[in-house]
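Only one chain is included here, represented as C-alpha cells and corresponding to the form predicted on its own.
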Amino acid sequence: MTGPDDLPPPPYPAPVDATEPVPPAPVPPVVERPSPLTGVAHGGIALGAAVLVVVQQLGSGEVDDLTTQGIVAGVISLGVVLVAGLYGLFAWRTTSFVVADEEFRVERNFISRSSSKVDYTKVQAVEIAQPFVARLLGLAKVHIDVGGAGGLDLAFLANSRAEELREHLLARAARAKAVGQFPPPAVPPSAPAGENLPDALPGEDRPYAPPDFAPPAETPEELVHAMPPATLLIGALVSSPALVFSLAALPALVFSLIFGASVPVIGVLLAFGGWAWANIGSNWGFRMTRRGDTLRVTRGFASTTAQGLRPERIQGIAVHQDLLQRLTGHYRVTVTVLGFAESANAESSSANAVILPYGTWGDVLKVLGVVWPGLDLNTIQPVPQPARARWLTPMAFSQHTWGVGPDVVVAHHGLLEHTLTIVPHRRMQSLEVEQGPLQRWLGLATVAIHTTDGPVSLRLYHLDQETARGVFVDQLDRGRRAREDAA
C-alpha cells in the first residue's frame, strides 16, 4: 500500500482534460498516377493527326495512286499510333505525382529521371485542356502556369480529378500568397519556449488574431460573358478572311469548269474548312466567368480548354474590327499575357490570347470592366496626327489618334482593320522613338511603347517630333510613378 511518503515530489503533472480535442495526426502525402487510359489517349491523338495529314495530301493533289499510297499511308499511320500509344503507356507507368498541403511534386522516370516541384507562391493559373480523344475517354490535361517558360504539364487525369487538382492548387496558391503578404509578427526574444505568437500586437491592448488566409471552400463562379453561337457564326463568316476565301474560290471554280480539274476547288475548300474550324470550332461555347480575382475562359467544340487568367498579368489589350465587321457591329479582343509568349504548351499559346472572339461594343466594355475595373475610355481625349502626317497616311489619316489617361495610354489606327490598343502605364517596360527618312523630312516621329512579347503592340504613329520627345519623357515618369503606386 502506497503512503503519503511514497508520492513523487512536486510539481505534479497537470491532469489531462479528456474533453479537449486532440489535433488530428498529419495525413501522409498520397502518391498518385495518371489515368491508365493515357496510352489510349496518346494513340488516338496521333491517329487524328495522321488522318489530317492524309486528307491534306488528298486535297493538294500529291497522291497519284490512291490504292498504293493509301496502303502506305495506312501502315505509317498505324506505326505512329503504336509508337504514341506505347509512349503513353510508359509515361503512365513511370509518372507519379504527390498532392499535399505543403507541396505539389511530379516525378518522372522514363528515359531520364526528373522531379518537378511547384512553388505555390508562383502559381499564376491552372488550365485544363481536353483534346477530342481525351474528351471521349473522360480525360483531361492539367497545365500549371508558374510565370516562367513552359510551366508544368500533367497528362492525362480523369476529368473530375483534374478539376479537383485545379481547385486545390488555386486554393493553396491563394493561401501561400496571402501568408507572404501578411506574415505573423516576430516572436519576442523573451517569449517562453513553445509560444509562437505574442498575446497582443505592439502598442495595442487587443489580442493578436492571425488572419484567416483560407479562401471560402465553395466560391461561386460569376458569369461575365457567354457568346451565343449565332454571334460566333456571323462574326466568323462576315469577316475579311471569309471574303478572301470567297474571292479565291471563284477563279478556282472557273479553272475547274474549264479544264475539268477539281484539285484547286478541293484545296480552297480544305483551306477554308481549316480556317473555319480554327475560328469557329476552337471558340464554340465561349464563356468567361470570374471567381475571386481570377477569370476563367472556357471554349471548344471537339477539344475544350479551360484557361485561367489573372488580370494583373495582362500587359495590354487590343480591340479589333475589320472592314466587314463594321457592317455587323462586331469586335474582337486580344491580350498580351505575361508568360504566354514563352509557354511551350499549345493551350497557352497566342491562340488563347483571344478573350472575346466576337461581340458588340457593350460586350467589349463588359470584358474591359472585369479586366481593369474603373477604366473609362470616354475620359481619354483623342489627339489626332498633325496635318502634314496626311502625306504618310492619306487613306487612314482620320483613324490615327492617341491619348493618355490617368492609368493607361491608348492608340487607334488602321484602314482595313481598326485597332484600339490599350496599355497601362505600369505595364510599360521600355520606350523608343522611331524616325524614318520621310518622317525626318516632315518633322514627325513614332513612339513605340514596349511590354511583354505578344500579339498586342502599341505605337503612336507620326507625331510631331517635339510632341514625341515630350511623350517619351512624360511616359517614363508616368510608368515610374504607376509602378511605385502599385508597389
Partner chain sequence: MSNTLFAPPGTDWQRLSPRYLTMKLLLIPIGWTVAFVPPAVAAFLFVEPRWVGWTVVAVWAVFLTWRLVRAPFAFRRWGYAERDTDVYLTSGLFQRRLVCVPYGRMQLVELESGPLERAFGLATVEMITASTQGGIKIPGLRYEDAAALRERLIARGETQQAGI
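What you see is a predicted model, and the numbers here were worked out from it, not measured in a lab. Positions refer to the first chain, counted from 1.
Although it is not shown, the form predicted in complex with its partner chain is what the next lines describe.
- The contact residue chosen from 50, 449, 442, 420 relative to its partner chain in the predicted complex is 449, the criterion being a non-hydrogen atom within 4.5 angstroms.
- With respect to its partner chain in the predicted complex, the three residues 228, 237 and 290 uniformly fall beyond 4.5 angstroms at the level of their nearest heavy atom.
- Its partner chain in the predicted complex is not approached by residue 40, whose heavy atoms all lie more than 4.5 angstroms from it.
- Heavy atoms of residue 437 reach within 4.5 Å of its partner chain in the predicted complex, making it an interface residue.
- Although the partner is absent here, residue 354 sits far enough away that none of its heavy atoms falls within 4.5 Å of its partner chain in the predicted complex.
- Heavy atoms of residue 305 never reach within 4.5 Å of its partner chain in the predicted complex, leaving it off the interface.
- Shown without its partner, the chain has 315 as the single residue in segment 309-327 with a non-hydrogen atom within 4.5 angstroms of its partner chain in the predicted complex.
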